[in-house]
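Listed next as structure tokens is one chain, alone, in the form predicted on its own.
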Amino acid sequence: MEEIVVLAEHRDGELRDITFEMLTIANQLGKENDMAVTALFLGHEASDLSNRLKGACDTILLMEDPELAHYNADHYLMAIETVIKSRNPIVTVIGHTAMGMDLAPVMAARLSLPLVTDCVAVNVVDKKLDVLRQIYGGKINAQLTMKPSDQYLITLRPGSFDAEVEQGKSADTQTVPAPSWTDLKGRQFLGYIEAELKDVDIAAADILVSIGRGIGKPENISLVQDFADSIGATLSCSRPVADEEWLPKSRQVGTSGKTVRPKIYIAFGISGAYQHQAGMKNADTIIAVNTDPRAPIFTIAHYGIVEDMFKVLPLLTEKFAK
């Protein structure tokens, strides 16, 4: 049976959401094309962590070594290369993260594999890989069909797929030996330096209430904050609000801000230019309030209200405050 290999990404003892996003799309492809899904976990003394993948794949390849305790491109490249050469998967999937962008181009060059990066959709048609990428900051969707190949290497954009931990699988774990790298003298892991968190992480919020240019002036933000508080939501914004420094840059949604995927996204006074849509269009439910019925935000909104936000806000706040 042909195989899809997904590189599990983890940091400081926690699996990252992108791992389960990759496994979600891998399982979809596997079901449609009769392919097995294998998770490759590189680490050290981390079997308990790798076991969390059991419900989302058919096989776990566990490679443990002290040099794999933390991410190091030199060691990861050798480890992944060993697995690809021995198993010949038809597709190898890596997250389009800082780690993935470091690994994928070098791996493709080493193994002469066709590579397509930053994919937001993937399909296999007649054993050829079809992918969807966004170009020009998300303004244009590019549908690409790869040339026929025995193997492909792709990176997936975080936040583009559901991160399902349980997918009806019960994986077996296979331990694979680490390659010999006694003479490898390259980069050395020193430690992670976490950025100082001065604000909330909007990417982790289940409900976002977002404001745009229609807010008018910073004094009006408190009205939206009251509504957000009444429904247990986090306040976010589009670029004009962040550029005016009415809210911190960490609250900005879009291509020059953060990509979010909340359960509910409520947009007040946001026209919805493609740069903003690229950062929030995968929310489960999108609700838009804008005075312009032709605002682009309505093309992706599940529910829309064409009205002055300052007439809608007090009614909503009163309703939810009860």
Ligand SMILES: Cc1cc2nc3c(=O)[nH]c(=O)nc-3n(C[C@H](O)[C@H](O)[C@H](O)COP(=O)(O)OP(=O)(O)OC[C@H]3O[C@@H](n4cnc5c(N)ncnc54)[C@H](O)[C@@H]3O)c2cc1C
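Values in this document were obtained by computation on a predicted structure and should not be read as measured data. Don't overthink the numbering: it's just position in the shown sequence, from 1.
Just so you know, the form predicted together with the ligand exists too; it's not on screen, but the next bit is about it.
- Annotation: in the model of the complex, residues 158, 261 and 282 none come within 4.5 Å of the ligand through any heavy atom.
- Residue contact with the ligand in the model of the complex: residue 61 places no heavy atom within 4.5 Å of it.
- Contact check for residue 292: a non-hydrogen atom falls within 4.5 Å of the ligand in the model of the complex.
- In the model of the complex, the ligand lies within 4.5 Å of some heavy atom of residue 252.
- Heavy atoms of residue 238 reach within 4.5 Å of the ligand in the model of the complex, making it an interface residue.
- Between 28-36, 65-73, 274-282, 44-52, the stretch whose residues reach within 4.5 angstroms of the ligand in the model of the complex through a non-hydrogen atom is 274-282.
- Within 4.5 angstroms of the ligand in the model of the complex, the stretch 1-22 places no non-hydrogen atom at all.
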